[in-house]
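Listed next as structure tokens is one chain, alone, in the form predicted on its own.
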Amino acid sequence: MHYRCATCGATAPVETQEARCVCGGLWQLDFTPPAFDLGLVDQDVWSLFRYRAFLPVIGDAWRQVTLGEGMTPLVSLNEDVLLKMDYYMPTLSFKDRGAAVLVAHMKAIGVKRAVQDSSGNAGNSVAAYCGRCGIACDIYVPEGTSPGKIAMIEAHGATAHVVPGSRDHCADVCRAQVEREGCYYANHVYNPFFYQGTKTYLYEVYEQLGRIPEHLFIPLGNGTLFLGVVLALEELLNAGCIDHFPKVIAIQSERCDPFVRAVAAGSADPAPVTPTPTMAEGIAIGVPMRGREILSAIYRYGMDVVTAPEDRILEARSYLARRGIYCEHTTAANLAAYWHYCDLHGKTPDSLLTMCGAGLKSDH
């Protein structure tokens, strides 16, 4: 197991604390797990580390890190839609999947201090898991991040830095600190260990249903869940657990849609956009760093892309809340996008949507 540069092909040991290759390319993880088999799932562990036979975990460091993340229920919304309740997590966000695996890796290789930038949820997750195992942590968030998310980050013992300007500018400021100080960049976009955690989203669905639904609606900003879903589907397909690739529908904000525009133009790179304010703050990424990799998967598997109409997000949030599901605005955008997709393509049964963030995190 080692890192391989997505740009030049150079390799590096996974113990490196360099955030990316010297050429500027992002790391990919050269790791091939055994064929997925439910018989290799550790039934005595009630967290996503029950799947550690298929994860790049080193030793037993995960035992000092885990907070019981994962194992979230599936709930029926109606005859056509299942909801994966991924805000039933220690920090109320699906990002705990990636953070748990990434921080377990950091603990295993001796990281003492980490820095990360986030729209809120990933930073909160990394702060919590770093706090859990004694790693010092600084989190950079853009202005406009909900006060609840900032309060949670600080409660975990991390230092929160609020950066004026856009989410993309916040990332630039954080990366400049990484360059100056040489601390570990625990970023959910740069570090491929994070995607090894988010792929457990579909491991669980397969274990729960014995199959994968035909339509998977996945929010897409930086691709944190999207890339994990692609990894999991490829592994399940290669293992013979599923016999075809389901239809994946990637969701963007209509106010920040570089992938939607790229697909419309047939481009290999995300389209340049200037994000405008949106309630779907968690997917408002104007410059996705793994954009070419994401678009390659979209084209390779014939995926669809759809936007969440801004004027239907509050309607979707209210609709869910009146059915007992209190989610944040970015999560409600998933349902708004599903409705929009049905308007465009007709009834879409056997669909899976993720409920990725709890409502209390975005009451502002």
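All of these numbers come straight from a predicted model, not from anything done at the bench. Residue indices: 1-based, along the sequence shown.
There is also a form predicted together with a small molecule; it is not shown, and the following applies to it.
Taken together, Arg97, Thr200 and Gly228 are entirely out of contact with the small molecule in the predicted bound form: none brings a heavy atom within 4.5 Å. Residue Asn222 is the only one of Thr91, Gln196, Asn222, Asn191 with a heavy atom lying within 4.5 Å of the small molecule in the predicted bound form.
Shown alone here, Ile283 lies within 4.5 Å of the small molecule in the predicted bound form, counting heavy atoms only. Using a 4.5 angstroms threshold between heavy atoms, Glu69 stays clear of the small molecule in the predicted bound form. The small molecule is not drawn, but in the predicted bound form it has no heavy atom within 4.5 Å of Leu353. Contact check for Asn124: every heavy atom lies farther than 4.5 Å from the small molecule in the predicted bound form. Judged by heavy atoms within 4.5 Å of the small molecule in the predicted bound form, the contact stretch among the candidates 108-116, 138-146, 214-222, 179-187 is 214-222.
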